[in-house]
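Just the one chain here, laid out as structure tokens, in the form predicted alone.
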């Protein structure tokens, strides 16, 4: 099955609408804007929770909704001119079986909260009883690189397709941003055979998302593979030759030559629709959509999930597949009047070369009272990094060590903190200790 089959099979006439009522309250139709991990999770869970009404999923991307994690890894290694269907989040059969109306390559331009109606860029309208915003986040672009060819950000499948089209014929790549996306792309580019430079303005890689020893381990991994790292410096100027990217000048005076530039400097919640409609966001100028524990916004008929949403009272906004799926499940339960699913410790993963990193919990950045205890064979083989404040476990980052990740996840979800003086001892059995202390 080709990914493009979706646009043919689900080209639905907007004037048609299923107005049949269902047993649950007066909700006959739910519309979801955004068909990535959060939107698909919500649709899946709301059907499993018993919703029998009309369910419409809207996405501005062409073709079937696709998984995001492979876009910076295996997806870029392929050379086909069309996306591989193995990366689809769901097959076309699933949408048919679940009676989900999928609109792709369609943009919503306005939400009318009073009329409970959406307006599309083509001028047509669609009503809803409940609306779910799963619009995600938009990657930031360097201002100096705007409009230059062979300069990319990576968030969507079409962006990944454009990157891989150039990458397989390029020689020198420059990546701005030493976060997970930038490092995953760097690893993939090295597999393709490109010379790669990574530029990070902070004094180390992963400065906002990982502990110092994990950053050190991954930096070494990249340097062993030939990636040149520039930390503590930014981009002063972007060069072009007849409109094509040709290099950058860094703030420390270094000049780098390249024929492809990928910018990975973070994202901004895509909340424009909500802001324009009058739904409360972090600031009057935008930011994430504010929600409660049910993912409900300031409008009682509108929910927000995934990267666009920020739960009031939370210390930070999470950007991960796990959060997207979990928030979708919460909204689905709330709409159906079901108990909310149990809150899990936030987790994340990244694959770079032969190293799989799994992280659970939150590593506080800039907190001098937080320290890491290393368990394993750092930095050569597998190891886990247990972050503590005093004797309180905060997070576990495991590299090539799935068992320690699962142990850490269990500890955090059961509020158990193994003694930090014992964790580094490989003779210490954390599972036996957990079982003893959770009994």
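Worth saying up front: this structure is predicted, and the values here are computed from it rather than measured. Positions refer to the first chain, counted from 1.
Omitted from view is the form predicted in complex with a small molecule, to which the following refers.
Enquirer: Does any part of residue 73 reach within 4.5 Å of the small molecule in the model of the complex? Heavy atoms only, please.
Expert: Yes, contact at 4.5 Å.
Enquirer: Closest heavy atom of residue 401 to the small molecule in the model of the complex, within 4.5 Å or not?
Expert: No, residue 401 sits far enough from the small molecule in the model of the complex that none of its heavy atoms falls within 4.5 Å.
Enquirer: Is there a non-hydrogen atom of residue 294 within 4.5 angstroms of a non-hydrogen atom of the small molecule in the model of the complex?
Expert: Output for residue 294 is no: heavy atoms all beyond 4.5 Å of the small molecule.
Enquirer: Mark residue 191 yes when one of its heavy atoms lies within 4.5 Å of a heavy atom of the small molecule in the model of the complex, and no otherwise.
Expert: Residue 191: no, not in contact with the small molecule in the model of the complex.
Enquirer: Could you check which residue among 181, 218, 196, 360 gets a heavy atom within 4.5 Å of the small molecule in the model of the complex?
Expert: Of the listed residues, the single hit is 181.
Enquirer: Just one of 335, 205, 273, 250 has a heavy atom within 4.5 Å of the small molecule in the model of the complex. Which one?
Expert: The option sitting close enough to the partner is 273.
Enquirer: Would you mind picking out the stretch of 102 to 110, 219 to 227, 235 to 243, 274 to 282 that comes within 4.5 angstroms of the small molecule in the model of the complex, counting non-hydrogen atoms?
Expert: So the stretch in question is 102 to 110.
Enquirer: Do all of 214, 394 and 419 end up near the small molecule in the model of the complex, with near meaning a heavy atom within 4.5 Å?
Expert: No, the whole trio is out of contact, none within 4.5 Å by any heavy atom.
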